[in-house]
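In structure tokens, one chain follows: the form predicted on its own.
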Amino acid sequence: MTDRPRPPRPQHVMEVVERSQLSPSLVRLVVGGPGFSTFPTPPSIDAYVKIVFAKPELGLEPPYDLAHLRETLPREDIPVTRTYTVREVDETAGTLTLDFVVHGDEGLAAPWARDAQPGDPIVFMGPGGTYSPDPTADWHLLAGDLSALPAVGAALEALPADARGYAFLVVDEDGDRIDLTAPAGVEIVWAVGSEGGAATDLLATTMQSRTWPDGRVHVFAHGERESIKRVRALLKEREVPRDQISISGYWAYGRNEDRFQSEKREPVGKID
């Protein structure tokens, strides 16, 4: 029996329709165009796409034959991917909304989003995702940092009108607290001073500032890896069953994206 190679994932070629600055650290891009017709309905509320970045100087035309390019290009010239949550899909307008955390010139996707203009092309694969709020849960707990804010915002809007719970969000500065729509029974709790991800105890500490309600909770907790490990430890203390938790690190303080992805296969990258 031989292993069959996985078929290439479809790529969706769209363009930037609109760019706006949500806060000092957040840029929002609305993308669409004829390529929207190939984008399937997302499977979950935390839907994500993998944006493909190719060096402009290579003159490559999307969609890219990534398998061929991996065989023919030097390693440093192979297109790379970056994962971003879909904040909203507007089927009527034929657009997707993507939010980017932008801090200066760091990274690849953030500077691109900072400088993006209407008409700029964007290529991505997806959508993926696994989490949607459980309508049968007694209450909901959402937790994360700026990287998780798009998914948390989408989850809050998807909760039943009578939902109860908390959304705990940590940000670097007060200006990054943006307006979110949530059911009346869900309190949004902000904590300022995450120090660009270095304050790894802040999220779990903030979660302990509120009373833990009775009943079965459904959890969504994502963000900086070490911060989320502390959240996971707190959930274990509260004896929350693993099947009631959606949890992962979206990034890691002091790591670039490539190093962070490679560490997912190492003990340091595991969140059980």
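From 1 onward, residues are counted along the sequence shown. Fair warning: this is a prediction, and the values are worked out from it, not measured in the lab.
A second form of this protein, the form predicted together with a small molecule, is not displayed here; the remarks below concern that form.
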In the predicted complex, the residue from 79, 94, 183, 196 that sits within 4.5 Å of the small molecule by heavy atoms
196
Go through 162, 90, 106, 138 and name the one with a heavy atom inside 4.5 Å of the small molecule in the predicted complex.
106
Quick one: which of 185 to 193, 144 to 152, 163 to 171, 130 to 138 gets within 4.5 Å of the small molecule in the predicted complex, going by heavy atoms?
144 to 152
Might residue 156 be said to contact the small molecule in the predicted complex, defining contact as any heavy atom within 4.5 Å?
no
4.5 Å heavy atom contact, residue 14 to the small molecule in the predicted complex
no
Can any non-hydrogen atom of residue 116 be found within 4.5 angstroms of the small molecule in the predicted complex?
no
Residue contact check: residue 48 to the small molecule in the predicted complex, 4.5 Å heavy atom:
yes
